[in-house]
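First, one chain by itself in structure tokens, the form predicted on its own.
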């Protein structure tokens, strides 16, 4: 944080007016990889108005900040963050269902959203049942599974801009494509989303969700800390060699370990923390895997996971790892 008037700024930010707060927040506690040093301050707004006020204040003071949900696809640096982490969590998790429309705030936990849709006899969100994290991040990344994306169900998205203003965007304006949306890189915070599903038999929807969960338990390393899929499924690579997990496995890299970070022996698109992994270990392993895959295929894998530097800069992890 800026050295001038630092005490006054910290006192203001930790007054509670912007939401719940934690000083010197251990970021490893807020990331699925269980990696990361302390952040100067972590704030969890409890309303859209608090988000607006906080973002305006941070912009006015020139304080670095990063916005997260559950931290499921985040790699925090071992040095932590010199600034503020804005966490859109359970205080921003209101949800309502009217007919085929679901209105949900950005902090809604995605598997809970999927279960609520099933109980309402709605289909379309089955593929999200096993995805950890919050709805805001899922919409931002057009996340999903089974080659589906949440953007298919979006009607509109409300965001808070980097200036602290509220803005409603249509599905068309979001420009959803595979694991991408026009929201990325804008600094906009997804605070509310309206989704449209279709009516269906509750038992059928529930059965499909249970099948997906059973498949995930069989195929994914759920018992060790990880961020989910590390590499994106690139269409060109997929056509030539298959999905990223297969590409990494066929390159002979299953089980490869640097420090306490390992390419999962169960699924090669996962990197697991065996206990004492560090951010540098993850970045080194990402770089090694990419280089070996490129040597074999001529393709560079790109990362789904985001790295957050100590100064608050966020980037795809392969960018931080280097060529």
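Since the model is a prediction, treat every value here as computed from it, not as a measurement. Residue numbers count along the first chain shown, from 1.
Although it is not shown, the form predicted together with a small molecule is what the next lines describe.
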Point to revise | Site test, 252, 293 and 317 vs the small molecule in the predicted bound form, non-hydrogen atom cutoff 4.5 Å | key: no
Point to revise | Stretch from 95 to 103, 195 to 203, 136 to 144, 169 to 177 whose residues place a heavy atom within 4.5 Å of the small molecule in the predicted bound form | key: 136 to 144
Check your understanding: Taking the shortest heavy atom distance, is residue 153 within 4.5 Å of the small molecule in the predicted bound form?
Key -> no
Exercise for review: Please run the contact check for residue 69 against the small molecule in the predicted bound form: heavy atoms, 4.5 angstroms, yes or no?
Suggested key: yes
Review point. Is there a heavy atom of residue 73 no more than 4.5 Å from a heavy atom of the small molecule in the predicted bound form?
Key: yes
**Study point:** Exercise: residue 214 in contact with the small molecule in the predicted bound form, heavy atom 4.5 Å
**Key:** no
Check your understanding: Looking at 228, 124, 80, 245, which is the one with a non-hydrogen atom within 4.5 Å of the small molecule in the predicted bound form?
Key -> 228
Practice item. Would you kindly say which of 119, 182, 222, 240 lies with a heavy atom within 4.5 Å of the small molecule in the predicted bound form? Key: 222
